[in-house]
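One chain follows as structure tokens, the form predicted alone.
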Amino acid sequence: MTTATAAPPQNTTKVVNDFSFSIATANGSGSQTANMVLLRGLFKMGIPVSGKNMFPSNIQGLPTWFTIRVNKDGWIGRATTPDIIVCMNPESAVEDVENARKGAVLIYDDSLGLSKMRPDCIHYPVPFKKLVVDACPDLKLRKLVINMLYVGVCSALFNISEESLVAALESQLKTKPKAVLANKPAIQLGRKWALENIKKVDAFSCEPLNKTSNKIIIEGNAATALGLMFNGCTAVAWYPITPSSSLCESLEDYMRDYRVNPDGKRTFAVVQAEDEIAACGMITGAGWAGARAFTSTSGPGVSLMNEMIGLGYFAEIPFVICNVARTGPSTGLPTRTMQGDIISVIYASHGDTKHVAVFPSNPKEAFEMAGIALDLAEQLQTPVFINSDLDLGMNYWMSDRFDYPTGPIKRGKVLHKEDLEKLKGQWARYKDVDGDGIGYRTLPGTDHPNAAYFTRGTGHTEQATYSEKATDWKKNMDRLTRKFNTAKTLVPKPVIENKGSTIGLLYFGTTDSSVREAASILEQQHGVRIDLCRLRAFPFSKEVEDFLDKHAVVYVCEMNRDAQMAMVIRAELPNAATKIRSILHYDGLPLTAGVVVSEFLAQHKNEPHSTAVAQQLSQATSAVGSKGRD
């Protein structure tokens, strides 16, 4: 039996269901299947997990890393440092080992000769290249099957159920039975070899739990696509761009399965346009024609769509854009995540525009907010943004199951033939008769002579006729402001957790799990309570204003360099400007609880409003960097 080639860590206390993997492979090597089998195998054991992929923006060859967090308490934010590193890519192995934390477990092919590096870590060298010959007779398939060997090795070392892994394999490759037959022996051989040849000296282990019932694993883009389909989206135009492409691809696949009549006639239209400008133009026309219209893109695409977005805003045409944000500026890092498009989305286009946006934090909300966005677009007769990001869109999340939409579709103020008969020619497209800033519209094809109207992106009167009069322009813009104020009452309200603190922390989107975990750490380990407010939409509702009003200091946590959401809050709610502080994270990787804790403690100890809290935090700060894991 082979013993680990380095001394075990000083702390040998058993760690059960609370650690993280980092699996380093080459992009395009088929490792995604093995990674998902490991993730889903843990999930099938009832253990809460999350999987995050850090991959290059080429097709194959460059290093890629997949992290899996195992956490019995259900925290699914990214862990600060991995506990177990599986080095399957020779190109990155030395760097992976050099960057490992003290006491980490290192698993790698024995031919790499890494056993003398990092004596403060645990080394498990494995003859993967030799084992794959026995596991897979087909020479062509070995470069793919070799990854499944580490799944088997991890199964043995960390007590991951072989039965769960095989079930996960069969689920992952359910349409490819030959691939199941090729990969299953590799799991079994890797497990058998590890049990017979490795003496385990690390502290990490898994035990079955019952915390994943009624939950699923899904990407946010797929969840958004399902939400759009289930809520009546019928017209889609898009242009490929990472990380949003899989959204419209998934949506078209779902619609082909579920939105085709028995006679084979489709009830939807999906067009891959020649560019983002054309895509936005198509959905603008579709929205005017009465379709529930949609496109997805990322930051560079939003920039190209700006003129059409302005047309939609001023001509008051409903459509939905999902911005799956990536790291910028320019083309930036296409395969990294960021909340960097806040200002460019909220104030998209030119002149005076403010756009409604919703901020999903997990796949279930991505599903639900797709329907909410479609409803809001038609109720408010305006473009609406779903502001997602790469972390949500392209990573695998443990999520609550989705609820089937049972409420009616909200189409807003649409006049039909009967309505027009009653109005007897008194209807004006851009007239505010209800005081909410929203006019009434008709849909093309309505069987009445008064149904037709002009749609204008230039200055216009209430009757939609052309006008350059200053009074008409100002009257129209003032009405759009009233409509914006109406939107404040319709958008999703924030999620607020009050603990009676004078300190507030405001955040949004995919920072959710990490921020809540950080708040738990601050309370349990440092005795500091924080009230939380998770924004779910712009414009800000009264609940957001009230939260800001009642707290002496409010930290705004976001993933960008320039504190964009804090800028928007200061602009829209100037009374709160002096109490806003920022916790920022912008390296392209998902936020961790450790970053939030460290930044909060470092900043807040100097706040003058609470001497007692400042002293408490000063003492706590000295210990914040000493913990190896969140």
Partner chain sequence: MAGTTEAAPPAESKQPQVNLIGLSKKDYGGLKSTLCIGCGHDLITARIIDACYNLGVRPENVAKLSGIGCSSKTPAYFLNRSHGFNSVHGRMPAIATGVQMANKNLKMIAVSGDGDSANIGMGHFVHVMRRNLNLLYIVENNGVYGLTKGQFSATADKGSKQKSGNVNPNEPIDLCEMAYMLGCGFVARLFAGNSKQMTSVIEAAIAYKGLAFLDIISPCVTFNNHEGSTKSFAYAKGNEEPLHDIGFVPAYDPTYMEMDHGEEREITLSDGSHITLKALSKDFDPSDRVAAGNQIMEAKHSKKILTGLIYVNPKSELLMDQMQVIDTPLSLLTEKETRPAESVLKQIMDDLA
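Quick caveat: nothing in here was measured; it's all calculated off a predicted structure. Residue numbers count along the first chain shown, from 1.
FYI, the form predicted together with the partner chain isn't displayed, but the following is about it.
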Using a 4.5 Å heavy atom cut-off, which stretch among 431-439, 121-129, 549-557, 395-403 contacts the partner chain in the predicted complex?
395-403
Please determine whether residue 456 contacts the partner chain in the predicted complex, using a 4.5 Å cut-off between heavy atoms.
yes
With heavy atoms only and a cut-off of 4.5 Å, decide whether residue 330 touches the partner chain in the predicted complex.
yes
Since only the chain is shown here, I'm wondering whether residue 425 would be in contact with the partner chain in the predicted complex (any heavy atom pair within 4.5 Å).
no
Close approach of residue 43 to the partner chain in the predicted complex, 4.5 Å, heavy atom:
yes
Only one of 582, 32, 603, 67 has a non-hydrogen atom within 4.5 angstroms of the partner chain in the predicted complex; which is it?
32
With the partner chain left out of view, which of 150, 359, 238, 507 would have a heavy atom within 4.5 Å of it in the predicted complex?
238
Could you list which residues of 242-274 come within 4.5 Å of the partner chain in the predicted complex, counting heavy atoms only?
242, 245, 249, 252, 253, 254, 256, 258, 259, 261, 264, 265, 266, 267, 268, 269, 270, 271, 272, 274
